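Okay, so here's just one chain, in structure tokens, the form predicted on its own.
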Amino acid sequence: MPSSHSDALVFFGATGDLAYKKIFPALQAMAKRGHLNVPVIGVAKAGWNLDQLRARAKDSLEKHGGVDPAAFEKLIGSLRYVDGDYQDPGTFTALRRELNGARSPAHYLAIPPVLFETVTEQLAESNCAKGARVIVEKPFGHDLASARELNRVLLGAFDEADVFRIDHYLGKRAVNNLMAFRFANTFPEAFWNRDYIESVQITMAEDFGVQGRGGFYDQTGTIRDVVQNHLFQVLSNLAMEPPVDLESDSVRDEKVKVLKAISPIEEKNVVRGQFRGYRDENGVAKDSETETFAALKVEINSWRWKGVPFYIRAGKSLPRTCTEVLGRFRKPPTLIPDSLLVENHVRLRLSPEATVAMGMMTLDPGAEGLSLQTAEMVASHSPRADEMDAYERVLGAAMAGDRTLFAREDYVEQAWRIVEPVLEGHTPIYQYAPNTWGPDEAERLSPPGGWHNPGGKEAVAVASETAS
């Protein structure tokens, strides 16, 4: 891991939507914690000056988290601005002047992917890439070929050790808590394997549609937008072997091994859906075949997981917004009639609150004889007001040179390899009504025991139901 901390932060796309909603709030939070003690240089082509960028930053904070007077003054005092076209070498000459001798800046490309190559090449030609890091916002390509081309361009200007591919999902504390659950405790190792686990399902549900981003979403779809990146990261954290140490490459080595053990998805193991009304969104083609829902089945051909199916499901306009993992256990070899048993489970909720729950069978205290019920032991907490946002965490890690939370070149390419047959194929698109759990056809991929539909906040409490 590089020992030097970045001595400047440059972020391209300073006047854009991502900066407005996420970056300025993250920078103020870093300043408040004392983690931002370097110049911050915004770059954009907007015809603006520094005062206008400062006003934009204040407006951003007023609408996204609030202004902290002391931290805001610190942020504003460090802020610089370069206005210019990304294709104009003069823009990068001006950037070099603003860097003012910084020897290890971090360049954050919070810009559309079509501009990645242009900016990367201009950074190299202007000598702004020397000794620097580059932070690349997803998506990392549109398919395997474009991912390889993007990696070729990035590695033409930067070493792999200095390339930080942001998937903000890896900055979420609850996602990292999967590793803590598995490797900071003794008991999960006893059952977290093919001997005891019958199936695992991962659900990422959103109760909203495309929120005015129809043009973007119609070129992307659910598999590209959240499955190939966010949910594969969750899958990797769940299925990886213990790393030999906590160095970033040791952790990332184990995640890559998980993806290497997964065969490309066959068309029979995917169901795509589209909520009714999607084609009426601005920017969406009237005959669009882009999925807003996807259900997939994969298997990991490893010693730990061979024969255990993993089901991944994600979609928009579902009944609630929630991300949850459910691992179902095999039924015990007991003398109790199988018809009375419901599989034990471990339930890990990642959002909106963090929950670890163990589901088991107990005697029904209100009935006579062998009457069983299911109940959960639950540990849960909601995010605290002072908890680090995902963007604050990943930007701070990148500037510190800690690569653990970032996707490596081989990981990105393996992820695209797995989903490429689905992207290139012509699987049917099934309509589903908003506020439902996707198309009926998803039942074709139903896990043993059926899909687990995450409940609302009430699921945090101890729950029970009588087994029939």
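Here the structure is a predicted model, which is why all the values come from computation and not from measurement. We number the residues from 1 along the sequence you see.
What comes next is about the form predicted together with a small molecule, which is not displayed.
Chemist: Heavy atom to heavy atom, is residue 208 within 4.5 Å of the small molecule in the predicted complex?
Modeler: Contact with the small molecule, yes.
Chemist: Examine residue 107 and determine whether its closest non-hydrogen atom to the small molecule in the predicted complex is within 4.5 angstroms.
Modeler: Although the small molecule is absent here, residue 107 would stay clear of it in the predicted complex, with no heavy atoms inside 4.5 Å.
Chemist: Taking 4.5 angstroms as the cut-off for heavy atoms, does residue 239 touch the small molecule in the predicted complex?
Modeler: The answer is no: residue 239 has no heavy atom within 4.5 Å of the small molecule.
Chemist: Please tell me whether any heavy atom belonging to residue 316 falls inside 4.5 Å of a heavy atom of the small molecule, as the geometry stands in the predicted complex.
Modeler: Although the small molecule is absent here, residue 316 would touch it in the predicted complex, with heavy atoms inside 4.5 Å.
Chemist: Only one of 204, 129, 361, 259 has a non-hydrogen atom within 4.5 angstroms of the small molecule in the predicted complex; which is it?
Modeler: The residue from 204, 129, 361, 259 that makes the contact is 204.
Chemist: Quick check on this chain: which one of 74, 297, 172, 349 has a heavy atom within 4.5 Å of the small molecule in the predicted complex?
Modeler: None of the others qualify; the residue that does is 172.
Chemist: Partner absent here, but in the predicted complex, which of 244-252, 88-96, 269-277, 218-226 has residues with a heavy atom within 4.5 Å of the small molecule?
Modeler: Among the candidates, contact is made by 218-226.
Chemist: Would the small molecule in the predicted complex be within 4.5 angstroms of a non-hydrogen atom of every residue among 138, 213 and 230?
Modeler: Contact check passed for all of 138, 213 and 230.
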